[in-house]
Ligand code: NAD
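Shown next as structure tokens: one chain only, the form predicted on its own.
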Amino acid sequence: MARSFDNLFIGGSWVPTGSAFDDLNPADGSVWARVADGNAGMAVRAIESAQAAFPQWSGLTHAERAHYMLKVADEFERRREDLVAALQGEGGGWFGKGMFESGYVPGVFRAAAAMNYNPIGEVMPSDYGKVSMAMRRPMGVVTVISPWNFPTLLTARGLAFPIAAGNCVVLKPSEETPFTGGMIFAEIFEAAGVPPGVLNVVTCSRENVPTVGDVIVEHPLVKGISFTGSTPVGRVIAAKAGAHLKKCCVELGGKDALIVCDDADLDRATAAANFGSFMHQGQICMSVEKILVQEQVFDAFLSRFAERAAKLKVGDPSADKGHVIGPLINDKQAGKVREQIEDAVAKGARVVIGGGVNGRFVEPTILTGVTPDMKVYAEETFGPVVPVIPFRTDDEAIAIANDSEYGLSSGVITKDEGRGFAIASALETGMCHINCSSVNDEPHVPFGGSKSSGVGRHGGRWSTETFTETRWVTLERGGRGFPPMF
């Protein structure tokens, strides 16, 4: 029987909307839940509730706000089993992915709590003997628009640090994962006793996304926007934020490369490639989407990589924990991946393993012979498909990796750490991981990309800096007078 989430969470109360939409299980298309369909008016109400809560919340001591974040972390741990099941049923994720995500989220809130004990300003020198200070204070209302692929983790990252710093949040989760990216936060914040209005959750159907989205970005009470999602949508949100002179942190798509040098440990390299390319069906912004392998080890790498990838089982993750490759999130995404495979094959690429698409289930697919004129070379795939491309020199590998509008993450596999750092320094990405996959994250690090992969950084003090305002405050102690004519 489908679950029912008939109400929005606004001002600490559960507010009926009078309408709902279907939240589907991507594995079989069944209705996993019925979810409240919010509208523009509800979004305005949520923003006003957040603004009303702001003076009291921001007026609490840093220790009091940190204490609430720790209670939220504890509640997430208590709900872990339920969350893992929901991540499988609502998002189509593998059991191991759910265990990772549910285990990661409490750490995000604990890291946010810890940030409250860090310095939030500086004392600067003054030519006139003043006490001159740069001080940070919360902005007010921040809206968080979160994605469907790691809905709980990425929502937590978007809102934990701004809330801990004293802001109040209006959250709009993806319509694909409104529970794991939205309503579970409402339930947990309520259970943790967080004051009303600090977090407000507005879910809505795809049809209402444009009007709700416009309100939560453009409303004059909204001072900052946190968005994680696709580059086309991120461009629109960033443009609207810029038009209203609002602070915005957008983490967008990627076409991330893993560079395997001729001195690489091939066991490490093939494991990094397998995990980076196929974890959560490749539906990760920092998934490995190009594997660049030096010619001397190309054949050996490809053979071992294909052998590893062939062991990954495809199927409904709710039915069998051994199904590591679950469904893509919807038919549109599956169609896009199919199109990229067919385009590559038509233009001369070879399918080493995989290539099959059965509804929303796509086999782990390795391609060779991929050239720049193919869609899979340039476009973000967001599916379990990866080309393996040979290179001769490090400079050539760097050029191929940088031949992209995106610049989110990257990986380099080499036994020579100096070589690894040299390559990493030349890559046009916001993140690079030497002797590891491009898929890496920790709550306290500066997470984000360059070029079309986004603006700003999530995580740790970088989130705090993004979603606070810096003020210059001085205290005069008699060192500076005024001109005598005044």
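Not measured: the values here are computed from a predicted model. One-based numbering along the sequence shown.
Below, we refer to the form predicted together with the ligand, which is not included among the displayed structures.
When you measure heavy atoms, are Trp148, Leu154 and Leu408 every one within 4.5 angstroms of the ligand in the model of the complex? Checking in the model of the complex: Trp148, Leu154 and Leu408 are all within 4.5 Å of the ligand.
Given that the partner is absent here, state which listed stretch (377 to 385, 300 to 308, 337 to 345, 88 to 96) has heavy atoms within 4.5 Å of the ligand in the model of the complex. Result of the contact check: 377 to 385.
Would you mind picking the one in Gly197, Gly213, Pro106, Pro138 that has a heavy atom within 4.5 Å of the ligand in the model of the complex? None of the other options qualify; the answer is Gly213.
Cys285, Val362, Ala112, Leu258 - the one with a heavy atom within 4.5 Å of the ligand in the model of the complex: None of the other options qualify; the answer is Cys285.
Hey, in the model of the complex, is Gly254 touching the ligand, heavy atoms inside 4.5 Å? Yes.
Would Ser174 count as touching the ligand in the model of the complex under a 4.5 Å heavy atom rule? Yes, contact at 4.5 Å.
Quick one: does Leu83 come within 4.5 Å of the ligand in the model of the complex, counting heavy atoms only? Leu83: no contact with the ligand in the model of the complex.
Residue contact check: Gly354 to the ligand in the model of the complex, 4.5 Å heavy atom: Judged by the heavy-atom cut-off of 4.5 Å, Gly354 is well away from the ligand in the model of the complex.
Within 4.5 Å of the ligand in the model of the complex, which residues of 19 to 41 have a heavy atom? Give them in sequence order, or say none. Sequence-ordered list is empty.
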